[in-house]
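One chain is shown next in structure tokens, namely the form predicted on its own.
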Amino acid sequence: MKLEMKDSPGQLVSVIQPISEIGGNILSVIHERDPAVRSDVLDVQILCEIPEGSLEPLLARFKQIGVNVLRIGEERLLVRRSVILIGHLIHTDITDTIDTIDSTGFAEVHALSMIMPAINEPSSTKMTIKSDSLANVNRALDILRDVARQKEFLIIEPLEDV
């Protein structure tokens, strides 16, 4: 869920409490405040599991406490693996590399963080791939290994403990 609430002390607790009361399990909370932006509202993303049939009462409770629900969606891609790629990533079309993973239908590039020291120097990127199962993440990593061989990237993996 992506929620919008007043940026004041105690608001996050007021959102987490109803999830707990219905027997929900909170998996993650993303709560980032940009100090350069002055606002009285805050966006918060909450990934949670809730019992079947409890969504409508939860939404009613959020409305009652003044929390706007901006988006609700089912998160199906829960398994993540990160690797480091080193090479001429831009010159060999990093978009093509990303599209190769995203077009599988069973995995996608979730995050990408790149460092480019100089135009003719190799760049490096941390790439995170996510999928619905470890088997599918491993299939996507196999595809990425093939791409890395073709494009002459060094691949360092995995960054997580498996």
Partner chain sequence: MRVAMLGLGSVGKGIAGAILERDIGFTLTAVADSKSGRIEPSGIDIASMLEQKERTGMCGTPGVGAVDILASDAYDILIEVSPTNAETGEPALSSIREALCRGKSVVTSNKGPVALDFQSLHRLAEEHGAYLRYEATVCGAIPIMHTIESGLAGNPITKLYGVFNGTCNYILTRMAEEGLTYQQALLEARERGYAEADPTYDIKGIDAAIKLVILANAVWGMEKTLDDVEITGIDGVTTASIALAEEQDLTIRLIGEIIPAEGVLRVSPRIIPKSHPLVVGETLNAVAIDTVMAGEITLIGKGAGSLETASAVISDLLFIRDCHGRRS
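Positions refer to the first chain, counted from 1. Since the model is a prediction, treat every value here as computed from it, not as a measurement.
Here the subject shifts to the form predicted in complex with its partner chain, a form of this protein not shown in this document.
Contact with its partner chain in the model of the complex, judged by any heavy atom within 4.5 Å, is made by just one of N120, S113, T95, Q64: S113.
Shown alone here, L154 lies within 4.5 Å of its partner chain in the model of the complex, counting heavy atoms only. I86 belongs to the set of residues with a heavy atom inside 4.5 Å of its partner chain in the model of the complex.
Its partner chain in the model of the complex comes within 4.5 Å of a heavy atom belonging to T125. Picking from 64 to 72, 98 to 106, 47 to 55, 125 to 133 the stretch near its partner chain in the model of the complex, with a 4.5 Å limit on heavy atoms, gives 125 to 133.
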